[in-house]
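Structure 1 and structure 2 below are the same protein chain in two forms, each given by itself as structure tokens.
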Structure 1
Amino acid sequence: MAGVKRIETDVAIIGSGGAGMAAGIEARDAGARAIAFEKRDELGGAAIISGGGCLIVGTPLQKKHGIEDTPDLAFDDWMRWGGPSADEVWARYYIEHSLHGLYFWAEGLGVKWVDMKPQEGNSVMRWTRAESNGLGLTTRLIDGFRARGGEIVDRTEITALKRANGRVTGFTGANAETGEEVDVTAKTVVVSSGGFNSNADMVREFKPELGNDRVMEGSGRGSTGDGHRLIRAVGGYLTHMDHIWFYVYATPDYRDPAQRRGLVFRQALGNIWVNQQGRRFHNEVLSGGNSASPALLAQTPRHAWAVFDTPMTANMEIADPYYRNGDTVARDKVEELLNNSPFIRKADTLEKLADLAGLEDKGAFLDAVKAYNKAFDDGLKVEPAFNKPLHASKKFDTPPYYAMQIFPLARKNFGGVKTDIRCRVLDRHFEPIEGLYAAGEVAGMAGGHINGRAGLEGTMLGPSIFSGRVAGGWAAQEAGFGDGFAGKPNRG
């Protein structure tokens, strides 16, 4: 029979993603002993499979490209996009600290910010990508934590928070392989376990309007809502749980035995989307959760087909470690997906492709492609049907052709555990629970609902990492180390 492994530390962290590693770095820099517990054998959570982009204001990259940006402008964009349920205090706090508290801080860990990309809802370019995407960024955080003496215990699933005299004093769990029980005693606990978008049942619980339509799981594989359950059990308050961000440029992972996981694809420029009736319904350049997702969810049934010709797949990237060799795309694995997934059709003619996809109106589909191609023949810069810019697109003229079935993919949680500005977990009376902190997606990226119903791209990963820093600094301070998180706001 397995025994009990007892561990004592100053700051215990649940999760090894961007928020957890940032919390650990901050705690170690304050002088506290910090141990992170990860239930999987793979570290990095959702952050490591992300695109690696963060919304950051006033950066050297912006200045290099002549972009004038201010915290006030970013705040206006943020609130307009997220709506009335966005947390104004946390949004302002993050925006003003994004330059020094994230950009320069991450550079100190070896992160290289390499480029920017225009994103929906932003007045100027401020989505800033780290080298090697989320893999590169999160790897630097993990390395930075370990280099400071931080410890990581993997394959350990936490089952309950311990509480005494109203204070959280640690947690219990078990090794996922051996069954050995783990009993952790800590002065403070930081929960950074991620969201719940890899738990389709929980997604449906909070979005019952989805009915029985297929919804794919699309976050880190460990993002199953464990932290929400742990915190709710000790009286923590959950807020805005129906604020779930969906992507639709994703197809089922045919290698997943349960057929619940989805694969996000990127860099397949020029593809068009048609519904099951064979009709285009959207400008595919607008692929975000506040534009493309509502458009697809309005279709009957709620799926579509992303259509490519062969050159459009040449630079396709799949946001899953299986489809990468370190920093490079595993092109053979992408071809394997295109040739073997039952959710992808392949044909030498568009007519045959329509038949294989079972499109209800083949004529409508062929007419849509014909009209799309004519825009190129006519030298147009924008195709007239949906005003799609054509500078990054091409004609459909090189077989074989592909049709990839795409479904809504639950990607990010914009609601979660309610915290104060120090990331202390609040109860239903909005009073802090002593010894307990939450950061990252378990807390709706920061505070509980920093984004509101819609998030500008980069306002997920950036606030998650930043709130991890805040939580780690104040958790260390409550444990007797340091003076708490001390940021340097940019208010220019």
Structure 2
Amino acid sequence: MAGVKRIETDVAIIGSGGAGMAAGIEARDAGARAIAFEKRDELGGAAIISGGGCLIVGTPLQKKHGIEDTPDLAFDDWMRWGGPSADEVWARYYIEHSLHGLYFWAEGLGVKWVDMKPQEGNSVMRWTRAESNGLGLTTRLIDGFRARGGEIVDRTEITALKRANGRVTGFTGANAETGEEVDVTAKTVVVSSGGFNSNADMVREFKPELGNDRVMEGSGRGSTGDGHRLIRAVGGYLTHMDHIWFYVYATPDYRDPAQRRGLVFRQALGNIWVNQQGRRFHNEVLSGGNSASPALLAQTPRHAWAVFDTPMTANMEIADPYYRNGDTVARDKVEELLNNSPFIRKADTLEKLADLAGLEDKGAFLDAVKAYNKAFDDGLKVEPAFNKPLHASKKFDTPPYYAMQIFPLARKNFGGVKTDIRCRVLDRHFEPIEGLYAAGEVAGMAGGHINGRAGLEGTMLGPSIFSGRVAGGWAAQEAGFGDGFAGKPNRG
């Protein structure tokens, strides 16, 4: 029978993603012993599969491109986008520290910030990408933690927090392969277990309005809400849990036996979306969580069909390792998906495609495509129905045609465990639970709800890493090491 492995440390961390590794680095830099526990066999969580883009203000890259940006401008964009439920204090704290606390700090770990991309809701470009995306960024964090003597215990799922006299004193769990139990005693604990969007049941629990409509799991595979459960069990307060960020350019992964996971597709820029009635409902170029997602969620039923002709599929990418050979797209696998997924219809004529997709009003669908094609015949730059710019699109004129069924994909949690500005977990009286910290997506990226209802892109990974640093610094301080996280503001 497997035994119990007893481990003692100063700071014990749950999760090896962006927040966990940043917490570990900070704790080690303060002189504390730090061990991170990861339930999966691969490290890095959602962070390592992410786009690696962070919203950062006042960077050398912005200056190089002549972009004037200030914390005040970014804060205005942030609050306008996220609405009244964004946490102003945490938003300010992150924005004001993003340059020194993330950009330069990460450079010190070997991260290279390589380019920027315009993103919806920003008045200037500030979404800043790390070389090799989330893989490059998170690998540097993992290496940085280990280089400082930090230890990562993988394949070990933490299942309960230990408490004595109201204080969290460690946790217990087990090795997924051997069954060996671990019993960890720590002076302080940082929970950085990510979000819950790879647990569709939990998404439904906090979004009951989804009813029985299909919603796809779309975060890292370890993002199943474990940390929320652990913290709730010791009286931690969960907030804004219904703030879930959906994307819609995704179709079920038919290779997943449970068909719960979704596959995101990109680089099929010309496609149009029609609802089950066969009508377009949105400018497909605005594909973000604050534009396309509410538009799709307003349809009855809550799904749509992304329609392509053959050339539109030529550069299609599927954001999943199965559909890639390293850095290149595995075209044969994309073809395999197009030809085999039960969620994709293929036909030689648009009429037949409408029949195969069961569109309720075939005439409306054919009229929509006709109007779209006419915009090209008329030489328009923008089609009049939804003001979609046409430079990246084309006429529907080359069969076979495809209709891919798309459903809401839960991607990011903008609500979670409520913490104070030191990342101490708060109970329902907003008193800190001694010894317990939370950072990253389990805490709605930082503090509980830093973004509010909507996030400017790059406001998940950046705040997750930053709050990880804050949590690690203060967890070490409570454990008797260092002075806590100080940071250096962007200005002055």
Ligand SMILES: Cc1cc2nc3c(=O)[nH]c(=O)nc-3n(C[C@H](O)[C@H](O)[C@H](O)COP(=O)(O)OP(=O)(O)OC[C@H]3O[C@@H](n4cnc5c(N)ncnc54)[C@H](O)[C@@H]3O)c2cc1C
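For numbering, take structure 1's sequence and count from 1. By rigid core we mean the largest C-alpha set that fits within 1.5 Å across both forms. Note that the structure is a prediction, hence the values are computed from the model and not measured.
**Q** Of the two forms I pasted, which one is the form predicted on its own: 1 or 2?
**A** Answer to the question: structure 1 is the form predicted on its own, whereas structure 2 comes from elsewhere.
**Q** Taking the rigid core as reference, does N275 move its C-alpha 2 Å or further between structure 1 and structure 2?
**A** The answer is yes, as the C-alpha of N275 shifts between structure 1 and structure 2 by 2 Å or more after core alignment.
**Q** Would you say D309 moves between structure 1 and structure 2, meaning its CA shifts by 2 Å or more once the core is fitted?
**A** Yes; that C-alpha moves by at least 2 Å between structure 1 and structure 2.
**Q** Core superposed first: is there a CA shift of 2 Å or greater at G108 between structure 1 and structure 2?
**A** No: G108 shifts by under 2 Å between structure 1 and structure 2.
**Q** Core-aligned, what does the C-alpha of K395 shift between structure 1 and structure 2, expressed in angstrom?
**A** Taking the core as reference, the C-alpha of K395 is shifted 5.3 Å.
**Q** Core superposed, what is the CA shift for F265 between structure 1 and structure 2, in angstrom?
**A** A shift of 2.9 Å.
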